[in-house]
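Take a look at this single chain in structure tokens; it is the form predicted alone.
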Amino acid sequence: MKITGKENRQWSRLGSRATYGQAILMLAEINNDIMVLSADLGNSSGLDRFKSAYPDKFINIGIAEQNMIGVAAGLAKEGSVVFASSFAPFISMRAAEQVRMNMGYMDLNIKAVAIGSGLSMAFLGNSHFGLEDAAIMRSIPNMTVVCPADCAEIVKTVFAAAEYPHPMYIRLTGAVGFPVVYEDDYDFEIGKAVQILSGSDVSIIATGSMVYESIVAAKILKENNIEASVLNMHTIKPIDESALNLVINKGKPIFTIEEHSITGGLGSAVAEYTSSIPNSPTVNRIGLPDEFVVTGEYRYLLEKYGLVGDQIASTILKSLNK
């Protein structure tokens, strides 16, 4: 799936959820095997146009994520490529047992799509925030976990997922006006990180919405005579060990940035790997605290928890004693 900067900017204005719906609609034009399920969130998942155009390929299961994964398993056993969406905590926690058995254990071709992950559900609060979902999903054997950096990468992820015959958890962070990371087309491959910026002093590894904020942080660090590399680790599991080896071999401090709890997410995955490599540099995890966070407008929450570019740069500078 090739993209242009113009397309990405248009998708950015729609936001992550609507872009997912657009990607599914485009995918249906070339893939007759897909089935799309929703837990009574077709509109919230951006799927209105899809269900109108392809009514036989869309099923509203109702507010029943556990049943949704069971139905998805039956469809996958019959040869369908199944995309099933709901809000992040419901599909990752309410249906965790079904995901573990019907997706992980049975290794079925189901893509669980978490809309509104991270803090983007804003005033709906902790019942709807997806802050622990990556930790839960990456602990399940056979599960691949992907968190796209912008809307273009959401589209690329959906198209790649349709060709990937294993269970996958697609974690959609960001909101309407999702900042653009990619102005030009690029090679996207599940399990392969993308180098965004090169730098010799600090290594930043980010995922999802935090890739853009990390780019902003790197520009601020450069103004302070610190050259930071930025690596988009869109696939949290399986993590790109080759890319991590290159980072480790630089011998410079590593900072992981994620819109997820610092427990069990990208930072934990990177630290787990580096702990097995002798003389690895320190891994500094920047993310959400291991606590129930406050409720508020999305940008306010990012700022409160230090997850915008200038705050990330400040945290890194303090860590480096600059």
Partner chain sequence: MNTNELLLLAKKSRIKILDLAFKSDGPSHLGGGLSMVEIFSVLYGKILKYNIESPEWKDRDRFILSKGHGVLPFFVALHYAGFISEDELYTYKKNESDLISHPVMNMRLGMESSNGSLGHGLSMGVGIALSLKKKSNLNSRVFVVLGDGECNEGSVWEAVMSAAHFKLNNLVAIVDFNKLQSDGNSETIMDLGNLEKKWESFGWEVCSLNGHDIEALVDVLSSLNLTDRPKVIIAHTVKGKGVSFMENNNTWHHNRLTLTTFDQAIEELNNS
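All of these numbers come straight from a predicted model, not from anything done at the bench. Numbering follows the first chain given and starts at 1.
Beyond the structure shown, there is the form predicted in complex with the partner chain, which is absent from this document and is the topic of what follows.
In the predicted complex, the partner chain stays beyond 4.5 Å of every heavy atom belonging to D33. Not displayed here, the partner chain is kept clear of G264 by more than 4.5 Å at the level of heavy atoms in the predicted complex.
Using a 4.5 angstroms threshold between heavy atoms, A64 counts as touching the partner chain in the predicted complex.
Within this chain, H128 lines the site of the partner chain in the predicted complex, having a heavy atom no more than 4.5 Å away. Here the chain stands alone, but in the predicted complex its contact with the partner chain, taken as any heavy atom within 4.5 Å, falls in 118 to 126 among 192 to 200, 118 to 126, 245 to 253, 136 to 144. Note on the partner interface in the predicted complex: the residue among Y212, F90, F188, Y182 having a heavy atom within 4.5 angstroms of the partner chain is F90. Checked against the partner chain in the predicted complex, the residues P289, G296, G70, P281 give one hit for a heavy atom within 4.5 Å, which is G296. Along 23 to 56, residues S38, D40, L41, G42, N43, S44, K51 each place a heavy atom within 4.5 Å of the partner chain in the predicted complex.
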